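Shown next as C-alpha cells: one chain only, the form predicted alone.
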C-alpha cells in the first residue's frame, strides 16, 4: 500500500439478507479494490459475484452523472443535460402547481430496497412528503405478507439468530434458494451438516440449493399449506407432538387436531403433488429430530394465500416443541429484531402526522391508470426502485408511466427502464459515495458504511436530494435539513435495550456491531409469545372475532394448480419467475455486460409439456396470458415439474425480443393479508413462435 493509499470500511446495501461487510482500498481519490471484510462474523470476508465487481458499476461509462431533461417521447430514453438548479426549480414549480390544483395526494414517492440503509433507503423523504400531504406508499411487495402470516400464529416475527443454525440437526429450507440468495448462510448450514444435521429443501423448483441438500421435496406452486396440514396430521396421529410444551404454551390444540384429522397424507398428496409416502417420511423425520429448524424467506409468500401458508407453517415448530432448543423453531426475516429496536415516527414530536391515502406499491400500474382515482396521481418521484421491471403486470405499469400528464422524476445511477419514462433524471450516488448504517434481515449485525470516495460527477445521495428539494420548495423546518450524521444519531439514540451497546463510534471503528441480544438466541424456550393469550395460537381467537377461519387451512389460488377451471383451460401452465443468476440481483447489474449471462432470458419447460406443444430445446416460443406476451428461447430441463414453467427474473426490457420482461405476465392480485402480491400465482400458455 502506498503512502496515498487508505482502506475504508463499508457494508453492502443490496436487497439481500446478507448485508456483507466490505473493505475498500482507495488510492488518491479513486477506489481501486473492494473485498469482503474478513472480520465480519457473518460474511467472513466473502462477497458475492455481483459485488466483487462493484467498482465496475461505480466507474461505469453508462452511469448518469448529471441531471437530465427529457427531449423525446416518454419511454424513448432521449435526454439532454441540465443543471441541478434548473431541475430543482422545475420540480418545485410542478409539484406546487399540481398540489394547488389537486391537493397533496396527487404526489407519490415510490421507493424500494435498491439501496438499503437507515437513512438512504428512507428517512428525510417521509418528512418532506408528510408536510406536503403526499400519498403514502405501502412498501409491502416483499416480506409483509409472510410477517403477518407468522404473527397470526406467534404474535411476532421474531425467531432464532440465523447463525444458531449450526446447532440444528434437522433443517428445512422452505421456499428459499439459500445458496444463491442467502449464500453466506450456507457455510453455517454446512457446519451443522458436518455435525450430523439433515438438510431438506422444499421448493417447487429444483434449485442449486435443492441439488446440494440431503432431501428435496417438490410441491406444486402455492400448495404448500396442504403439505403442512398433511405433516401436522402425521405428527399428531403418530404421537410425535411435544405434549408438555403444547399444553403449556399453545391454545387451540384440540381444534387443530380435529381440523387436520381429515388431512391424511393421501388427501394432502392429491393437492400438493408430493407422494403420500414422502409426506409420512418427512413428518416422522421432522418430529423425531432435535433441534429442528424451518428457514423460510419471501419466496413462499408470493401467492394469493401467502399469509395462510405462513400462518399454517408456523404451527409446526409449536407442535414438536422446537422452540425449546438453540437452533430450533422458525426463522423468517431476522430484520424484525432490528426494526423493532429502530422503530420511530415519521415526523419529530409536535410536527403533526402523515395520515393520507395509501397506494400499494405492487398495484402501482393500477393506481397510475385508474380513471376513478381521486385525486389522480399527477406527480411521481422514484428512488431506489425500477418499477417498470420489478412491479407485476408491467404492461399496465408502463402504460401509467407513459401518461403525458404525469410528471415523473427518477433519482438513479443508470438509465433504467423506469428512468426512460422520466421527465427529469437526477444522478444518484453509489454506496461508496455516501454515509449510512445498514441493518440486515439475514443476521443480527448493524453495519457501518463510510463513504470511500467523493460523489462522482454531480451525483447526490438520497438524503442530500431531499434536503435540496426542501430548500427549493421554501420549507424552512430544521428537521427537513438534518445532516446524515444527525439522522443516524437520531435513529441510534433510542431507548431500546437491543441498542444498549451500539454506538456511532463503535460502528465507525469496527464496521459492525451486534444487537444486544442473547447468544445463542432462544426467545421462546419458555413460551411468552406476544399474542393476547401469551401462547402460540394454533386456533386464533382474533380471527374468530373477525368472522374468519380461526384455524390453519389451505385455499386454492384463482391462478393456481387447482384454480379457475375456465382460466386454466386457456392458460394451463403455472409460471414462476425465480432469481437464477448469481451475477445480478433483482434488476440491478443485469444490464451490465460483465454481469449478464450469455444467451439472455429464456423459459424453462418440462420435456413432457414441451413435447405436447411440439417444442424442442432452443426453439423460439411465445409465453402469453391476458396481461402480456414474451418471445423467448425454450430450455428443456428437469428443474420444473410438468405443468410448471419458469422465466428467470431480472433482465431489463430491452434484453428481451419484445417490449417487456417477465413481469409483463405476472399477476398483481393482492395476497390475503399484509399487502403482498401473488406474483407466483400466474397462469400462462406456451406455443412455438
Ligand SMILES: Nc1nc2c(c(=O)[nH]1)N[C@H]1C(S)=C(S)[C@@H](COP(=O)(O)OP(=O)(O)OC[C@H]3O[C@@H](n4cnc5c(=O)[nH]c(N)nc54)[C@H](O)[C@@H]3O)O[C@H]1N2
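Numbering follows the first chain given and starts at 1. What you see is a predicted model, and the numbers here were worked out from it, not measured in a lab.
Keep in mind the form predicted together with this ligand is missing from the figure; the text below concerns it.
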query	finding
Interface residue in the model of the complex among 312, 462, 449, 398, criterion: non-hydrogen atom within 4.5 angstroms of this ligand	462
Of 106, 334, 207, 408, the one that lies within 4.5 Å of this ligand in the model of the complex (heavy atoms)	207
Residue 113: touches this ligand in the model of the complex, heavy atom cutoff 4.5 angstroms	yes
Non-hydrogen atom contact residue 302 with this ligand in the model of the complex at 4.5 angstroms	yes
Distance check, residue 203 to this ligand in the model of the complex, heavy atom within 4.5 Å	yes
Contact of residue 672 with this ligand in the model of the complex (heavy atom, 4.5 Å)	no
Options 215-223, 341-349, 96-104, 602-610; stretch whose heavy atom lies within 4.5 Å of this ligand in the model of the complex	215-223
Residues within 4.5 Å of this ligand in the model of the complex, restricted to 36-68 and counted by heavy atom	50, 57
